[in-house]
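This document contains two forms of one protein chain, each encoded as structure tokens and listed individually as structure 1 and structure 2.
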Structure 1
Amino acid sequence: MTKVERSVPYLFLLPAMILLLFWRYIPIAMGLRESLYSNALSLTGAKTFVGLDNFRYLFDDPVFWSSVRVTAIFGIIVNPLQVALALALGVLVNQSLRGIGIFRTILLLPVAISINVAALAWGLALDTNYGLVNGLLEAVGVARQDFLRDPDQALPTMIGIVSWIGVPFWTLFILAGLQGIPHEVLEAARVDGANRLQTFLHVTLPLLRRVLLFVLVADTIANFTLFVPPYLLTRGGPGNSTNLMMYDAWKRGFVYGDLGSSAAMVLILLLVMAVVVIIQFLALRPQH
């Protein structure tokens, strides 16, 4: 291989890496470095190195631990749920059923709705007294529910709202992946006597492996770093029941002005996320 030839991949990577260096890596390093410093509150403005004090402060804080618990429950439910539903929806709207085009269009609509607008709409639709959903429930004889105002229902409700946007969004990628599976392969499996389930499990799924890995990893990251729904809908309540770690970290930094413990919290979140993502890569690695 010539020298020029060896430089090819680096040249392809150059624009992305330069942009990432300035807009991501240096800011990331600077942002996370705050976790080792006390917040600059004094008039002298000097930042003091405090070692792991910010981490100790968090570990002593019951709100931090409740936030970890909420994030764990949220993640364990929302990620498999969204990926499974996106896969199901992708396969469903990819069927050759009459009128499927209309359904596909409708079901993909939430993709274009911003999370701000979606939160506004669902916040109003789920209102205890005036919401559309309770109007519906009442019409069929079910008692009104508090949804986002009930400590037991708030997190499941938030999972629902987040998935209303999330599932169609991830379905886009599944559809792009399904698009790549030649019809002949599926036809061949049928001819061989495989039923729909067998075809799906043994032909479609293996061929979607790379797409699924992408969806799983990207979805996990998106959900770990989620903060707009608690910010707009619940402020982490009621009773801290929707106080996701990213929202808590954001609040510590930008409301409480405590950049140190905010950065420490992000760093902890990042480590957890890294472990989960590594497991996902290992689980879905090519089997050769």
Structure 2
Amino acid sequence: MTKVERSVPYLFLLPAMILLLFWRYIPIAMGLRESLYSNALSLTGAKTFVGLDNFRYLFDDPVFWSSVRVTAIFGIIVNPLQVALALALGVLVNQSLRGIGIFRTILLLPVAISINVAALAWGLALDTNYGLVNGLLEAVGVARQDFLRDPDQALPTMIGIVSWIGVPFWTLFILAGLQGIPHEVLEAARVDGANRLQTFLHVTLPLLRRVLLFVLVADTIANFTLFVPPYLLTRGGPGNSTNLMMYDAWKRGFVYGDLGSSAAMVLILLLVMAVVVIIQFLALRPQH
């Protein structure tokens, strides 16, 4: 193989690498630089280099640790929940049942709706005074609930809204993985005496390992960087109960004007996200 032939694959990768450079690596480098400077301008008009002071400020800030706690609780619950529901629904819609096409269409409707529209629609439906959900609850004798105004209910409600938006999307990937499993493999397991549960646990799940790893990693990244629902529905409240790290970072930078600590917080979030994703890769990497 000549040098020109060996370079062909890299030429095809070059446009993607350029996009990654401009849309990923350069912004990360700029964020790292911003996190080392104060917003206060010097007499020359330049920002003041403060080193790690922005990080020290965050570590001494109880609001930061509150957002870390909320993000951790949110991630621990929502990621396994969404993957489990997507897997269950993927298995269900993969069945050859009467009317399954209509069910698939209804199930996938949230995928076609913008997250902004979906969040606002749920905000209206869950309104304490005029929302459809509370109207239905009151009709069956249940007291009206402050879904998005009660500190004890706001985060579980947010998890429910985000799952309604995300689960159908991840179901698409799992359904594609299920339909990619050769029918002969499943039939061979049944011929060997495996029942439905055994076939699912020992044949289907191992063959779905790569798809489940992708779904879990992508879902984790999406939920770590979740911004729209807290912004539109709760503004991080009530009582910081939905103050996720991404929203808190935005608020520090664009509401309080503290771009240094905002950039530092985003970098901390990026580091935590990278650690979690690496752990997921190690735990679910395909077995050879």
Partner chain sequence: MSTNQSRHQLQTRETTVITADNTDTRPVALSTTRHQPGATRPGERMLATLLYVLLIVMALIVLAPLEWIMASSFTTRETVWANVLPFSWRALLPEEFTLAGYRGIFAEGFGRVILNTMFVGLTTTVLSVIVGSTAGFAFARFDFPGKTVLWVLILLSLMVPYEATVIPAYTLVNNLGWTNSWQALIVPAVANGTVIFLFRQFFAEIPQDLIDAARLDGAAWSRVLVGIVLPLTKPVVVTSAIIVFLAQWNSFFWPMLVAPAEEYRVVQVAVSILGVQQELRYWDLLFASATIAAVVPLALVLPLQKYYVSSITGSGLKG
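Values in this document were obtained by computation on a predicted structure and should not be read as measured data. So that the term is clear: the rigid core is the largest set of C-alpha atoms that superpose within 1.5 Å between two forms. For residue numbers, the reference is structure 1: its sequence is counted from 1.
> Name the structure that is the form predicted together with the partner chain; the other one isn't.
Pick structure 1; the other is not the form predicted together with the partner chain.
> Any chance the CA of residue 152 moves 2 angstroms or more between structures 1 and 2, core superposed?
Comparing forms between structures 1 and 2, the residue 152 CA shifts below 2 Å.
> Using a rigid core superposition, assess whether residue 99 undergoes a CA shift of 2 Å or more between structures 1 and 2.
The answer is no; the displacement is under 2 Å.
> In Å, how large is the CA movement of residue 192 between structures 1 and 2 relative to the superposed rigid core?
Residue shift at the C-alpha: 2.4 Å.
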